[in-house]
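Next up: a single chain in structure tokens, the form predicted on its own.
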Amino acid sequence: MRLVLDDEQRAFTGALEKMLAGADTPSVVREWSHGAHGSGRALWGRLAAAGVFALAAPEEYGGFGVRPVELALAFMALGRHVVPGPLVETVAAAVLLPTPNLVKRLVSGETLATVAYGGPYALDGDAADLRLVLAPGGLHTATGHGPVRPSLDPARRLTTLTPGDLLTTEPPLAQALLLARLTTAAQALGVGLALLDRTVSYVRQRTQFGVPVGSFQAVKHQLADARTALEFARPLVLAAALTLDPADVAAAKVTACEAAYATARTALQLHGAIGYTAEYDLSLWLTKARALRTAWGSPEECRDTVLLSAGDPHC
């Protein structure tokens, strides 16, 4: 299996990284977490113009055709820069919606969508223009949303949605779930890589007993373990993007999310007390790593998918 990026993919990710690096995303996240969506929507428009959401839509719906590898690369960048908003949910909506005009509005960035899946809560229902509910009877719209509920990640604003008008009785749920899990895995991987980079930089500057903390053997071992877990997850995410096999995607999600979560714990430990403060930027990545761990499928659900595919008799 070939996992080497081609020139077009490298150029795309390079341009996206450059754009996000200049976007001051920590400030955007903090505004978003307080319900101020102006800067977040402006960034959303720039992501749409860069073609991020077009990667999840067929050409006849205004997209580039579903391109899972490029989607995974884009979401790694979004995770690395901790971009807020219902990013994964918009990808899922682009697959679920049966109406070309609605999908075209998602692709252009004109419409921001969220989806309630597996329960009454949806991400950023207060910011979304289009609210969707996956219920046993099919895919429904929701005309409004309930109050914003607190979340471990302040930028993931949860609201309840009530099913309204029925859009379709047979939404392509399996395909939407595959892309949602894949992009969640890629986003988590990006979060983990950012946490690792920030922690390595910090321990090189922080000193104890007159020497950098990063020179201590125990610290080196912790960081090496984090890097190994993340680098092991990276090819699984890219391979899952190539195969789109449910077991491969589930394995990629659980591996990437667990690696990011473990890296978050290491980052918190090595930063010490400052890592607990909400004012310190590190917290934006720490809380994201924890929240993504269970989004669109818990570790247990993903492991069950892998075991069932392998024919494990105990599942």
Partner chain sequence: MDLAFTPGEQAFREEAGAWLAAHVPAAPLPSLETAEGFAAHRAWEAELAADRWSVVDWPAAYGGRDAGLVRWLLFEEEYWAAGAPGRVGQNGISLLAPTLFDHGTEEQRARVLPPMARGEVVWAQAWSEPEAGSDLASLRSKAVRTDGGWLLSGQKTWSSRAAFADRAFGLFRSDPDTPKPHQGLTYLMFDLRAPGVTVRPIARLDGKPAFAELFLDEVFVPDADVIGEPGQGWRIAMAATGNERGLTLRSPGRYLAAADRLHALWRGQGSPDALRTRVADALIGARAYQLFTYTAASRFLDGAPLGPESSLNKVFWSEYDIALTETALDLLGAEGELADTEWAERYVFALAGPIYAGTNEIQRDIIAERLLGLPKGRR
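Quantities reported herein were computed from a predicted structural model and do not represent experimental measurements. Residue numbers count along the first chain shown, from 1.
The form predicted together with the partner chain exists for this protein as well; it is not shown, and the discussion that follows is about that form.
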query	finding
Answer range among 87-95, 120-128, 193-201, 138-146 for contact with the partner chain, defined in the predicted bound form as heavy atoms within 4.5 Å	193-201
Contact residue in the predicted bound form, chosen from Ser151, Thr99, Ser215, Ser108 - any heavy atom within 4.5 Å of the partner chain	Ser215
Residue (of Thr207, Gln175, Thr243, Thr168) lying close to the partner chain in the predicted bound form, criterion heavy atoms within 4.5 Å	Thr243
Exercise: Gly164 in contact with the partner chain in the predicted bound form, heavy atom 4.5 Å	no
Any non-hydrogen atom of Val69 within 4.5 angstroms of the partner chain in the predicted bound form	yes
Contact of Ala21 with the partner chain in the predicted bound form (heavy atom, 4.5 Å)	no
is_contact(Ala291, the partner chain) in the predicted bound form, heavy atom dist at most 4.5 Å	no
Within 4.5 Å of the partner chain in the predicted bound form: residues from 229-255 (heavy atom criterion)	Glu231, Phe232, Pro235, Leu236, Leu238, Ala239, Leu242, Thr243, Asp248, Ala251, Val254, Thr255
